[in-house]
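The chain below stands alone and is given in structure tokens; this is the form predicted alone.
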């Protein structure tokens, strides 16, 4: 018999693969059992509801996302290059065979606000990414308003790349980000206002 931590990891990894490929609502717990090799009884002992499993999968995805961003940024030289490395990370991801867009947006789109816990896990990831980008902007000496602009480019690129099946969206977003970064770092005036 496998220990609890190993069983939990197997279930979360299997559910993550299935949810991402097929959608949360299309995947039943029997499919998770078959993919993970963990009995249904054990799955329900670990995750008493599908909602709990979805939240665990989203937390797992958050950890993977954070590690990917950290690796990409860590390999860049200057603060400006670290900001652009976020878009290089996206470019690599968009070219993966199983790319289906942002798992967080996909889950939220499927389930909407039907679960406060799931919506909270999605918001937590988006806010965490925003804080990471804001830290990179500060390190580059950029104005505060630059961070949400770059986040919007990254989020929009994920959605557009998934829908269009065009991995080059990351490059377009990177070029736009480069322009925003150059303008923001050269501009010492007030933040741009929206209409």
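All figures in this text were calculated on a predicted structure; none of them were measured in a lab. Positions refer to the first chain, counted from 1.
Omitted here: the form predicted together with the DNA. The next part is about that form.
Engineer: Can you tell me whether residue 27 touches the DNA? I mean in the model of the complex, with a 4.5 angstroms heavy atom cut-off.
Structural biologist: Yes - in the model of the complex, heavy atoms of residue 27 and the DNA come within 4.5 Å of each other.
Engineer: Residue 145: heavy atom within 4.5 Å of the DNA in the model of the complex?
Structural biologist: Contact check for residue 145: no, nothing within 4.5 Å of the DNA in the model of the complex.
Engineer: Taking the shortest heavy atom distance, is residue 44 within 4.5 Å of the DNA in the model of the complex?
Structural biologist: Yes, residue 44 is a contact residue.
Engineer: Just to confirm, residue 50 within 4.5 Å of the DNA in the model of the complex by heavy atoms?
Structural biologist: Yes, residue 50 sits close enough to the DNA in the model of the complex that at least one of its heavy atoms falls within 4.5 Å.
Engineer: Does the trio 18, 21 and 60 actually contact the DNA in the model of the complex, every residue with a heavy atom within 4.5 Å?
Structural biologist: No, none of 18, 21 and 60 comes within 4.5 Å of the DNA in the model of the complex.
Engineer: So which stretch, 165-173, 33-41, 150-158, 137-145, is the one near the DNA in the model of the complex (non-hydrogen atoms, 4.5 Å)?
Structural biologist: Heavy atoms within 4.5 Å of the DNA in the model of the complex occur in 33-41.
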